[in-house]
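The data below hold one chain only, encoded as structure tokens and taken in the form predicted alone.
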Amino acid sequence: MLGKLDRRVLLRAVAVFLVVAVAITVALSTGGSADAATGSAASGGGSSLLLQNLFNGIVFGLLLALASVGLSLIYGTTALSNFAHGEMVTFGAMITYFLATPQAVTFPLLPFEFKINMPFLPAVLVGIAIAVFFGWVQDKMIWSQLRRRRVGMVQQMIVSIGLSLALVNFIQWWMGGRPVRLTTSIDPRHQYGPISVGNVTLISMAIAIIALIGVAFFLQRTRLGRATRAVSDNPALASASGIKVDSIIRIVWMMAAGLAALGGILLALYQQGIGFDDGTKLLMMMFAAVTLGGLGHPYGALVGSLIIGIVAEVSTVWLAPDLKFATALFILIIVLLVRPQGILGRAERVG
């Protein structure tokens, strides 16, 4: 399932991505032209708005991919649909805010407040490290125990739903219901033709791309990465070959938590704030990206995230912003009707 990408798979992914992008561009260019004719697109015209949203969709897709790849790795190695993964996105951003904010903070039930006010970059690194440790704790205390007792996948999924509810309510209790901003500085923006972009967005894109390339290098070129692919393909055979399956799964949980935390931090910077339930709202987008790309296929999660991101952002050219996620899910339904195994997934015979 996590084997090396052959040329046909890569070409298939590129072809599907281009077809979707061209279809969206053609459809929405017509809508953008109509809006320009009626005066609704007063700044730069419909085409400029379309290009700006297309760029925003690529940025959002890259940030979504950080969390989706981890979710796909968990499914590939354990067959678990982890509904608590969205809270790891929020957790990473909230921990970073807790460490870096100059305001007084506290823990639940503590009768006093204190200030940490850590420099932002060290706060990010410490926040990701805490998230990685939390991923280790989750597998050590919950998931490895359930696997050892041979608890079914449906029961484990229900446990993950309960954990999600517990975490989102804990974060609200801890940080409150208002959105928080990781930084309060004004982000200078640059104009590249019709596209306006800030320094934070460019840095976030660069970090996301480097992180995703690092994941690909880990899976393809390292010994642990090859072991991870082996566990994903056939856990029993991997165990018989001398691979410590439980250790590999624990590494996957830690990696997934770290990627989700990084995605949450970058997303909070990109959208200039994050709320206690933003990860929960993104969970369906992550599942859509993983399913669209192919269940358990991390490269498919990347392709699916880019498609979901572009569709979600570009659709706001002619639809209400509240409907952008519904549009992305509609694209998921259409693709699955044509190709049920997802873009990079392989058809499997049942029965």
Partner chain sequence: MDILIQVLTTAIAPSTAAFALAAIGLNFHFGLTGLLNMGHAGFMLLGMYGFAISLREGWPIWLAVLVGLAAAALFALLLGWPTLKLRGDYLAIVTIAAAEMVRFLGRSQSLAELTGASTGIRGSDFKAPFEELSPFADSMVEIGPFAMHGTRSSSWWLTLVTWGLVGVFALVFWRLSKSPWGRVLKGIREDEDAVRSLGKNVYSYKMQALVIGGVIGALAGMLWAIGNSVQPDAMGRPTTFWIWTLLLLGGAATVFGPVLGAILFWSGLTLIKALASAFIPSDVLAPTSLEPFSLVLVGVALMFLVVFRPQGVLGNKKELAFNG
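Predicted, not measured: the structure shown is a model, and the values here were computed from it. Residue numbers count along the first chain shown, from 1.
In what follows, reference is made to the form predicted in complex with the partner chain, a form of this protein that is not presented.
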Only one of 126, 195, 161, 116 gets a heavy atom within 4.5 Å of the partner chain in the model of the complex. Which one?
161
Listed residue that, although the partner chain is not shown, lies within 4.5 Å of it in the model of the complex (heavy atoms), from 165, 180, 224, 105:
165
Note: the partner chain not shown here; in the model of the complex, the stretch from 138-146, 262-270, 96-104, 214-222 having heavy atoms within 4.5 Å of it is 138-146
So in the model of the complex, does residue 134 come within 4.5 Å of the partner chain, heavy atom to heavy atom?
no
Determine whether any heavy atom of residue 284 comes within 4.5 Å of a heavy atom of the partner chain in the model of the complex, and answer yes or no.
yes
Wondering, does residue 295 line up within 4.5 Å of the partner chain in the model of the complex on heavy atoms?
yes
Would you check, heavy atoms only and a 4.5 Å threshold, whether residue 120 touches the partner chain in the model of the complex?
no
Using heavy atoms only and a 4.5 Å cut-off, decide whether all three of 78, 209 and 246 touch the partner chain in the model of the complex.
no
Do any residues of 302-323 have a non-hydrogen atom within 4.5 angstroms of the partner chain in the model of the complex? If so, which ones, in sequence order?
320, 322, 323
